[in-house]
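As a starting point, one isolated chain is supplied in structure tokens, in the form predicted on its own.
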Amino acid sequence: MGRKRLITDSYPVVKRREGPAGHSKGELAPELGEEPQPPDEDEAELQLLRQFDLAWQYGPCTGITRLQRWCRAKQLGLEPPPEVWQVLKTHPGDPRFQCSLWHLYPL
């Protein structure tokens, strides 16, 4: 009777080569002479607003705009970040800035 056969016994063992040091899989190397671009200002502001959306201490954010949520948090004394207020006031008509992360999902 020998050893019990496993399903992995049917497949050949494949040894993978390691890549060069410092090279991670899935990450593209920058082109020669090309410097990495810093994130633009809009992207940094949107990241700040996404963090505000995910912060549970300011209450729920579904069904209302970010500005409404910020004002509600202020009225309740929750001290929302003033940077969020400034970003929302500089982009009054842009839905990318005014609507929360969840505005595309139905309630």
Partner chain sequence: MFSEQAAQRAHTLLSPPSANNATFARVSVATYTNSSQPFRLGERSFNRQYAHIYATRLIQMRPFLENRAQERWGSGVEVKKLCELQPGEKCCVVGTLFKAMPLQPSILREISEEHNLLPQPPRSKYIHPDDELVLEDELQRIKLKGTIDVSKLVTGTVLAVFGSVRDDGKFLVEDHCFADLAPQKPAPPLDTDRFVLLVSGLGLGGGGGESLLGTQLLVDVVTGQLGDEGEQCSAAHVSRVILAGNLLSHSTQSRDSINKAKYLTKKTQAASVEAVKMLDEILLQLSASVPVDVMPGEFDPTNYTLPQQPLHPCMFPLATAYSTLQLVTNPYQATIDGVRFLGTSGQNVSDIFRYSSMEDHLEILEWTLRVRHISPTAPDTLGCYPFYKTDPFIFAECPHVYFCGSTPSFGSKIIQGPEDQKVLLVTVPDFSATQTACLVNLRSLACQPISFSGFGAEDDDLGGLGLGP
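These numbers come from a predicted model, not from an experiment. Numbering follows the first chain given and starts at 1.
Beyond what is shown, the protein has a form predicted in complex with the partner chain; the following relates to that form.
- Using a 4.5 angstroms threshold between heavy atoms, Ile64 counts as touching the partner chain in the predicted complex.
- The partner chain is not shown here, but in the predicted complex it comes within 4.5 Å of a heavy atom of Gln68.
- The partner chain is not drawn, but in the predicted complex it has no heavy atom within 4.5 Å of Ala44.
- When contacts are judged by a 4.5 Å heavy atom cut-off, Pro60 counts as touching the partner chain in the predicted complex.
- In the predicted complex, Gln68, Arg72, Gln75, Leu76, Leu78 are the residues of 67-83 with at least one heavy atom within 4.5 Å of the partner chain, listed from first to last.
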